[in-house]
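This document opens with one chain alone, in structure tokens, the form predicted alone.
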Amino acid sequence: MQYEEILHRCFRCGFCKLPSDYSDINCPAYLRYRFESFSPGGRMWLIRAWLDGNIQADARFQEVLFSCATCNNCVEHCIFPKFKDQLLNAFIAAKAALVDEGRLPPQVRDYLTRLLEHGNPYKMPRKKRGNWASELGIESYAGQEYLFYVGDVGSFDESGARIARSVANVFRKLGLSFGILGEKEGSDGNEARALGETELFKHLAERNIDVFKQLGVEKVVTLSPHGYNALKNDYPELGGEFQVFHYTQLLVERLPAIELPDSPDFAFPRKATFHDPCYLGRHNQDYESARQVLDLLPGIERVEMKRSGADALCCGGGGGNFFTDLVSSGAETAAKVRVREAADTLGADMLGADKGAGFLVTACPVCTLMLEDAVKSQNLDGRIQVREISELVAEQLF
């Protein structure tokens, strides 16, 4: 197994499942199951035992490996710099070995099967991939400055499509030259790679790369941080060399050039706290673009949760878990803990019809959907509203 040589170096000190001040649990799988085997250190130990033939790759072992949300908290907080950057790669390599053996939790197998057979996990025909934009009159990509890459969630999930339309409308208001692929677009493959299906990832990525090159694409702006991560960091190894941006990075450049009107709904400052998407923050070290956009909006007062930036608690949707649900169900999940933390940060003074709810803002369709569901399950609707940041920008512009 690739990265096998680093497994014995882990001292299983436990810092990898905590934030930098060691005050709480920051690993979604450990938070969900509360067994050390589901922590990064425990996972390292089990993989070593499996490779040595001391344990079998049974259903529980599979559950341990595939419950990893690939949030990169372990990489961020491991105290051994010589191999910390390889921790997540080791977990993915172990999953890849199980994929090769056909030993998968049913939810993972079903997700990958849908992705292979339909090109997306929603089992939707490719010709419907551009339906999210059917009433917007957005042009197909034909040499515009940017290709707007939407991805599976933005194309086929109802709420994801709402966010995609919001971003597209903001782009047009800002005069951005962009086009979309519609049915020519394919899944970015980020979750397939995170789940160890490297050949499927390669197949999906190479198909997109071929389409991009045929159309002469040079600059790509993504809706999701998951797609941003795949296109920016993994596609180059397959010959896909493009300039890749997350949409918030373009908004930071473009928004200051226009005057944003005060929203009539914000007669007083509304508090907002930002949830860092793992694939924008810890995976790609961009903690500021979305915050800078938020700070540009009139009537918004930004406050930080105790766990933010590199210490942010993952929503639990990464690593395919948004679709497989291995860590997002149960009484105590990362998303539920996160929305309670947001409610505490926004404070009791946000209660009441005179001031309305505070905003829990993120810049990722997966995070948005995970957090929206958690707010409902925790009965926090009256205290916080989950908003994707493009929606707040659109409300100011239209």
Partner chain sequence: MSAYQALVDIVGSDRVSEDLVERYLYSRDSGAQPAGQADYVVLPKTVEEVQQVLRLANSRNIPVTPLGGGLSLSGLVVPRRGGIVLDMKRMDRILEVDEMNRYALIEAGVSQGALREYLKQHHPRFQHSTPEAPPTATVTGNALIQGHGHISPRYGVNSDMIGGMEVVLPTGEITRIGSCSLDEKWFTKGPMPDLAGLFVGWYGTTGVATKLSLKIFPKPAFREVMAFQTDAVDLLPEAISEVMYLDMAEDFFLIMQEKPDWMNHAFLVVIVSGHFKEEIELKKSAYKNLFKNFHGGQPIGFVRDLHPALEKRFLDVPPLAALAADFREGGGFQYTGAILSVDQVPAAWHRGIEIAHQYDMICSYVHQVLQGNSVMFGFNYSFNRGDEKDIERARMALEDSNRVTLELGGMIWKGERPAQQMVLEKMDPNTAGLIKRVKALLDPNGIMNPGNWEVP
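Residue numbers count along the first chain shown, from 1. These numbers come from a predicted model, not from an experiment.
Another form, the form predicted in complex with the partner chain, is not on view; read the next lines as being about it.
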Contact at 171, 279 and 295 by the partner chain in the model of the complex, all three, heavy atom at most 4.5 Å: no
With the partner chain left out here, work out from 120 to 128, 285 to 293, 235 to 243, 77 to 85 which stretch has heavy atoms within 4.5 Å of it in the model of the complex. 77 to 85
I need to confirm a contact call. Of 219, 207, 306, 302, which residue comes within 4.5 Å of the partner chain in the model of the complex, counting heavy atoms only? 306
Residue 49 within 4.5 Å of the partner chain in the model of the complex, heavy atoms: yes
Give a yes or no for residue 10: in the model of the complex, does one of its heavy atoms lie within 4.5 Å of a heavy atom belonging to the partner chain? yes
Does the 4.5 Å heavy atom contact test between residue 380 and the partner chain in the model of the complex come out positive? no
Find out whether any non-hydrogen atom of residue 42 is located within 4.5 angstroms of the partner chain in the model of the complex, and reply yes or no. yes
In sequence order, the residues of 16 to 42 that place a heavy atom within 4.5 Å of the partner chain in the model of the complex are 17, 18, 21, 22, 23, 30, 32, 33, 34, 35, 36, 37, 38, 42
